[in-house]
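Just the one chain here, the form predicted on its own, laid out as structure tokens.
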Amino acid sequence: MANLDRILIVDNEPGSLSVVTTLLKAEGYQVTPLRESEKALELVKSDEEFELMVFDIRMSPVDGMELLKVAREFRPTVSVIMMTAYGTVETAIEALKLGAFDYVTKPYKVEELLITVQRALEYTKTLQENIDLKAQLGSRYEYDNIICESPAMRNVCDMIERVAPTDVTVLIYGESGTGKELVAKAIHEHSHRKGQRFVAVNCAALPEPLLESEMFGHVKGAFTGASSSKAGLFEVADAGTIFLDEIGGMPINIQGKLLRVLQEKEVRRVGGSENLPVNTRVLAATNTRLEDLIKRGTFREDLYYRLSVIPIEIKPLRERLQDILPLAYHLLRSELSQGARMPSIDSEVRDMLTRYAWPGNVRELENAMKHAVTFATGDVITKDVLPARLLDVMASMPAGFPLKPGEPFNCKALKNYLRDREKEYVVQVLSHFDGDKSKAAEALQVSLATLYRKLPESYR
């Protein structure tokens, strides 16, 4: 019977390697045998999945102990068995201290080896199930349905707590689908205005005349079809909060009127002559850098400074990998009917979810979980129930290189490719330390000057 467990065996001795490989294959395991320990070192660091690794201790140029150390660093949930013909108690203790699951000496009894392998595989499954269960039980850090396992999102939640009790204007920046409105609602719900209305308007979705009327209202006869007076959203949200989504798409003429509302705390309806006082807190959001729009002349600089009293940036999902699995389970839970059993996510899908770049961010992940719940037939989410687009992108990825969705696989000089990937990694590390370049340089073990040289221009 075929076994899905994958085992990597590394041994310089061809005879010993052949015997163990034949033995484990006969038991149905999927075995990858290697004599070259330097190749094994690269494989241990790669994305190729294994449930168990078996290393001979005495090898060159890379010995088994070195492989064990690397395995503990890169694959903390994969069991490792050490074997050698030169076993001593001291060596065994050292291997166990470094994190080996067990230690066998040559010549070994077949039954003893198979039992050790079985126990090691069961231990690997237990470790991975614990990680899975932890994600299922929910995030350790959650704030008003905002999953904040990553340092970047914990910082966002900390900012929400700090600004919510105030009336200060907040500008929320993030790519499409990152949850900007969710953050705005959290600010409102933790403010003294929480009992009042939260009104959202998409500034890029409405044509200029309609947007002006929606925001500021109009009087009867102000334009064709205005058969009665209408209060604008600023009046509707009086004593509450108005959320101006995609503020960068607001027409320049309306920006001037919005600036006056922020300055004077009053609105004038379209076609009216009376100024009406409003006590409305303003939260705004954009997926475009307003500084760039100012340079293009499509956004007022004075309005920008009025809006961005407190800026909050939500990092894209691809830069906060710690949030992906807790988010996936949170979204799965929200899609289940009452009393339905919570499914688990198998290891292959967990790997795909964390390697995929999520160009649509949380919104795309939510759609993927809805798709999975709709088509799942058991208690485990497998790749068969994931959206076809996600599967297509993952299938097109070169092994070990999580290319971005839609990025063509064009051949380029290796030096250029590695330089680009290096920049991406440096940016990820910088994001992990919330933009602190000194901490990022220390973690990367490079000088601050070197870090600056390796950063993309926009991050310097």
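None of the values given here were measured: they were computed from a predicted structure. Each residue number is its position in the shown sequence, starting from 1.
The form predicted together with a small molecule is left out here; the points below concern that form.
**Q** Partner absent here, but in the predicted bound form, which of 298 to 306, 163 to 171, 176 to 184, 99 to 107 has residues with a heavy atom within 4.5 Å of the small molecule?
**A** Going by heavy atoms within 4.5 Å, the stretch is 176 to 184.
**Q** In the predicted bound form, does residue 153 come within 4.5 Å of the small molecule, counting heavy atoms only?
**A** Output for residue 153 is yes: heavy atoms within 4.5 Å of the small molecule.
**Q** Is residue 145 close enough to touch the small molecule in the predicted bound form, meaning at least one heavy atom pair within 4.5 Å?
**A** Yes, residue 145 sits close enough to the small molecule in the predicted bound form that at least one of its heavy atoms falls within 4.5 Å.
**Q** Using 4.5 Å between non-hydrogen atoms, is residue 350 touching the small molecule in the predicted bound form?
**A** No.
**Q** Wondering, does residue 218 line up within 4.5 Å of the small molecule in the predicted bound form on heavy atoms?
**A** It does not: once the small molecule is placed as it appears in the predicted bound form, residue 218 has no heavy atom within 4.5 Å of it.
**Q** Can you work out which of 381, 242, 82, 362 has a heavy atom no more than 4.5 Å from the small molecule in the predicted bound form?
**A** The residue in contact is 362.
**Q** So the small molecule isn't shown here. In the predicted bound form, which residue out of 95, 258, 369, 327 has a non-hydrogen atom within 4.5 Å of it?
**A** Answer to the contact question: 327.
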